[in-house]
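So this one's two forms of a single chain, laid out as structure tokens and tagged structure 1 and structure 2.
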Structure 1
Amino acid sequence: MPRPRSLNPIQIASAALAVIDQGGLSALTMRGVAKELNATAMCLYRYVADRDELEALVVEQALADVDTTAPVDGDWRERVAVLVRRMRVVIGCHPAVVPLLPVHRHRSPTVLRWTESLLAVLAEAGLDGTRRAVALRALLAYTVGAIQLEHLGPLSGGGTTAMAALSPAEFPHLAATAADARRVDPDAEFDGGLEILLRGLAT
């Protein structure tokens, strides 16, 4: 007697994202997600092979809102910047997902489409072959790294506060820079670094 499925992957992904958004990464457990769906943990194994697959589902669900279409206005550097900023803004809505990104990015259709658009813009800029591969990698590294620095670490962003308390005798530059850094807002900091990278990318 075939019984209809009571869940679907989208429901699971939504529930899992809700759980991680609300309770942080440590709340993302098979049992926790199941409870959100009024089901049992074992039931989830009908839909995902294991926790790893659940994590991949969460990452894709979190990134699904990214507009991956290539921008048409502005020079190529501005178009790259727009794509990169779109990714950062959406991830900023789901900070607990950040540690999962480097691990599962290859399995996210959104990431693939976004990367394809980024490469298209780089191609229009006259980059190809190895140079384009290196440029992409550098942009990815900066994006992933900057987002991690922004959201991970002590007190999620209060890191510079801790650094400002360092002994200025032993770490003079660090103490000064920590003080300076607290006056830069995160958006400007991210855009500033991105600009440096894009300037270096000019042939």
Structure 2
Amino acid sequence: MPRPRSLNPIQIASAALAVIDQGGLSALTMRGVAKELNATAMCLYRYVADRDELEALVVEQALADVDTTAPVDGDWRERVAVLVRRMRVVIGCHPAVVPLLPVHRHRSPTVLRWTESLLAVLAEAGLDGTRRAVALRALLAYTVGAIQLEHLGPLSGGGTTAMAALSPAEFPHLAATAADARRVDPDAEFDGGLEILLRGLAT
């Protein structure tokens, strides 16, 4: 009988990420990851205790390429925007992982370093105490929500087209806005929303 394969956390996380990329978050199972590794599910339990630990590994693997260093150029809003855009670019390669970010943000070294840099910039801007905490949560909510909308309900998709075709008599604002929205590209949508949020934080 062959000896069990030796695995490491990076191999397991990479396999789990591949499973999610191919089949979505619902496809993430120990059996599915084991199959991707050409191993047995029982073998995986030598390295990860449960699905919760597996998800945390996936989050860190998906974010491994995020530059977490605090930018030094520009005013505080420009530097916050740089950090948020970095997160969007990297996690946008694995959009199905996005729902795991809020759940495992405290277990990912990359998220912790990114958050520390973001908080440092907010502190320099004069936000402190509960206001800084709320500002951080608002930026996290925007980042996670905007990425999900971009990939699950893009403005270029069928949902926008259907709303643009609604009766102007019954839905005048929705139909007109949807028609305009089809001309907004993903970068303009993300940056525009972020600009509105940052302008609000500055008041």
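For residue numbers, the reference is structure 1: its sequence is counted from 1. Please read these numbers as outputs of a predicted model, since none were measured by experiment. Take the two forms, superpose them, and find the largest set of C-alpha atoms that agree within 1.5 Å; that set is the rigid core.
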property	result
Of structures 1 and 2, the one that is the form predicted alone	2
After fitting the core, Val103 CA displacement of 2 Å or more between structure 1 and structure 2	yes
After fitting the core, Leu194 CA displacement of 2 Å or more between structure 1 and structure 2	no
Val184 C-alpha shift between structure 1 and structure 2 of 2 Å or more, rigid core reference	no
